[in-house]
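Next up is one chain by itself, shown in structure tokens, the form predicted on its own.
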Amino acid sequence: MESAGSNSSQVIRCSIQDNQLVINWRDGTQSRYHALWLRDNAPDARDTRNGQRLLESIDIPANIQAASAKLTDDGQIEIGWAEAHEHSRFSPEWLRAHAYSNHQQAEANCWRVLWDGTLYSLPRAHFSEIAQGGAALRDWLDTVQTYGFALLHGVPTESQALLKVVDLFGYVRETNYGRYFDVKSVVNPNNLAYTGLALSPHTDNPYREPVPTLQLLHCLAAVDNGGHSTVVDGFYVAETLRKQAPEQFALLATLPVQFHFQDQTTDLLAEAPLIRLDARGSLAAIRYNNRSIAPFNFAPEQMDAYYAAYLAFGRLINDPANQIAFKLAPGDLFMVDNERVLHGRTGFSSSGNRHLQGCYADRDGLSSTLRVLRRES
């Protein structure tokens, strides 16, 4: 039931103990895998083309027994099953990558880099480079995933060019604003974005469920004075509030508020906390837009405390020390994770010809393309 690994293997020893596969790794760590988990995830129970399951979990005997474990001559770990007299073979690399432990869960979001206004160098790339795919596109998408935003230079200054950027990693998320929308001053605007007014940092479409998770803004024309873009790392601000005032953080992460948008043809309403946590308590999303938040509707004894938390969060978001400002030139584009990074702008003359085009996309497309590119590198 026990086998020692060769010098070339990362596995020192594998054995069956208490109906679990126990692997001692060369770096001194140990991993355990239950027999039921092993049978449920065995390679022979999956389609080799796409990894989808061929075996129903409910068809596996709950008392399945692993009878033996050995390291084969070709470096695989072979599990012998007691009842069926069959074997399942696992790659040690796959088992290591899927080792289940609290430490691994805690490190799930370790790739994020939180930042404030002191971010030394803005993450950026050139369109002609990422349009070729490969490492340049991988690195730019990785930057978006790491920092929550990135700049792109050299995008053709023509209408709908930003859609070509989305085509590199995913699909446009069409909304009531269309496949894309023009951000410039117009007469009788249905949104303050279509004026020359300054816009405080916000996430887009908080009144929608689900919220578009990526936003792209492409500069077609700029103005000389004003119109600077601003970005704020909502996760950095939220973690700051969690440290400074945990009770206020908890209120914003638990009590839902409503966001509302309406015009002649649209009436959108969604309810959610300003801060969303995942099952492990890590930050998952920020939903903040002072222009479209509806009147609070809490119990009287909650109102003062919630307002104190809401205003504390808002002051951190609007603190210049937490913001980065930059001027887009024609051909520049920036993309933000719309559930993490808030964006805004400084005011400009409504008679100016500042013209941005925007569109939405979804983060799962970016993540999928990034994983494929990493797999190919």
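One-based numbering along the sequence shown. What you are looking at is a predicted structure, and each value in this text was computed from that prediction instead of being measured.
Beyond the structure shown, there is the form predicted together with a small molecule, which is absent from this document and is the topic of what follows.
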>> Within 4.5 angstroms, counting heavy atoms, which one of the listed stretches 67-75, 243-251, 211-219, 133-141 is next to the small molecule in the model of the complex?
In response: 211-219
> Just one of V172, V183, A270, I293 has a heavy atom within 4.5 angstroms of the small molecule in the model of the complex, so which one?
Replying inline: V183
> Does I79 reach the small molecule in the model of the complex, with heavy atoms at most 4.5 Å apart?
Replying inline: no
> Looking at the partner-bound form in the model of the complex, is R39 within 4.5 Å of the small molecule by any heavy atom?
Replying inline: no
> Is L356 a contact residue for the small molecule in the model of the complex, using a 4.5 Å heavy atom cut-off?
Replying inline: yes
>> Please determine whether V165 contacts the small molecule in the model of the complex, using a 4.5 Å cut-off between heavy atoms.
In response: no
